[in-house]
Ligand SMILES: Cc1cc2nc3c(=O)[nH]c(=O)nc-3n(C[C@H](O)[C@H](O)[C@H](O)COP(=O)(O)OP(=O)(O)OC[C@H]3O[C@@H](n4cnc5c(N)ncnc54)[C@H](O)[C@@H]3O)c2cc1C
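So this first bit is one chain, no partners, the form predicted on its own, shown in structure tokens.
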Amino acid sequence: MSRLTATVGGGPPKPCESGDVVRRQTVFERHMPDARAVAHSLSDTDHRVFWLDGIEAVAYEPLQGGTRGDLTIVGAGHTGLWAAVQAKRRDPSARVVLLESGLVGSGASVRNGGFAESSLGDHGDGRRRWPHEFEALERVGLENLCGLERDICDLGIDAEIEPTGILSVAYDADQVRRLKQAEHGFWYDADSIRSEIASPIFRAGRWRTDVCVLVNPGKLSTGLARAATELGVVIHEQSAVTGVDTQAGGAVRVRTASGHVDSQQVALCTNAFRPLLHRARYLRASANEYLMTTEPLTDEQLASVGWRNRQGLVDMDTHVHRARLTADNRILCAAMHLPQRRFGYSFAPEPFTSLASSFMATFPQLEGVRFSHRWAGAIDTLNQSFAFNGLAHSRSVAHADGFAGRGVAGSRLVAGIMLKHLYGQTTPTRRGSVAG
């Protein structure tokens, strides 16, 4: 096993002349708070999903026996719910059956900070893979974000939507240089960014108001489920799918332990769960999202931070660290951890402690504030870092994978493209991330 040494700076680990790995310190390590203060902040934290607090869940009966439909959807997260709503809006007479292995909106759909972004993946990776279509993808993403806001309003969903945009922050000189070169948004130098949001580790920022809105993803899920049932969608919870196969005559049978649904078309929207198609398993990798919320801030505590414009907050390089204010003025912070080992050594410390430490390094004036909720779980990602669509079973089965934490808005767009694939219609781009 290689020895690790730490140096001040930024960037990934690099080998030194002796063959050892030199890991540069992060800004959070250079401003690391007292371990006792971190432990105190976590001492009374409940292991439960904040987004599900106060939501009156509706129970849907499990599937029993055999039935038929025009479209079967597997997975009642955001993608499956959007697919169900759009399918019934497209054809009100269609019989749409939605199967969920657990409870509606209880998976990856609530393992996020509620950042509904126009982007479907990593910008740098997208430009490299699809240089001739990337501008079209960005345009489609912006149109989808506007459509999401419009649909939430039209469907009467109280998703606590806040069109406050996203603020990218820089921690070191190289990040400042690259952020300053960006073309869009409002630029903040060191003084102005700290006036906007009071943090000693922020050195610059750029605020874009057009690429992100904030929502409550739990309320979005329950609102979409209500809208779907009002449109006539049949939802079955506790109905885990065990297999998908083609029957004589071309119908596709979706099987559960206690029943089956036969339909001409199927949309697989399982995302973070094990893919039902073998070929999809080779495209996917799992990542874990860790989230925490503080107790509600007092007026004095909130004033010490600033944040009057309530933007979503991200680090500029990877968007792995995120933070935002909730409707009741808690601070939610989140981080994605990719399971990885380099040279036999795992670089990730205990995630919740690390997240609390990063929070206190960012906002030392909030020492003493406790975290009320913490939760975590798998979200899916792909090697290409962009959402992906595909078809199988003689083009009767569509699937979507790889939102990598950007599925709050992207799920609506991808759901619509899945339906277009099934109905043989054209998609926004010839090939690439969203078209598959």
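Note that the structure is predicted; figures quoted are calculated from it, not measured. Just count from 1 along the sequence shown to find any residue number.
Although not depicted, the form predicted in complex with the ligand is the subject of the following passage.
K.L.:
If you check in the predicted bound form, is residue 111 within 4.5 Å of the ligand, heavy atoms only?
P.N.:
Yes, contact at 4.5 Å.
K.L.:
Do residue 99 and the ligand come within 4.5 Å of each other in the predicted bound form, heavy atoms counted?
P.N.:
Yes.
K.L.:
Taking the ligand as it sits in the predicted bound form, is residue 74 in contact with it (heavy atom to heavy atom, 4.5 Å or less)?
P.N.:
The answer is yes: residue 74 has a heavy atom within 4.5 Å of the ligand.
K.L.:
Though only this chain appears here, would residue 378 touch the ligand in the predicted bound form if you measure heavy atom gaps against 4.5 Å?
P.N.:
Yes, residue 378 sits close enough to the ligand in the predicted bound form that at least one of its heavy atoms falls within 4.5 Å.
K.L.:
Based on heavy atom distances of 4.5 Å or less, which listed stretch (84 to 92, 157 to 165, 172 to 180, 288 to 296) is in contact with the ligand in the predicted bound form?
P.N.:
Of the options, only 288 to 296 has residues within 4.5 Å of the partner.
K.L.:
Find the only residue in 263, 270, 358, 222 having a heavy atom within 4.5 Å of the ligand in the predicted bound form.
P.N.:
Among 263, 270, 358, 222, a heavy atom within 4.5 Å of the ligand in the predicted bound form occurs only for 270.
K.L.:
Only one of 302, 251, 240, 198 comes within 4.5 Å of the ligand in the predicted bound form by heavy atoms, so just point that one out.
P.N.:
Of the candidates 302, 251, 240, 198, 240 is the one lying within 4.5 Å of the ligand in the predicted bound form.
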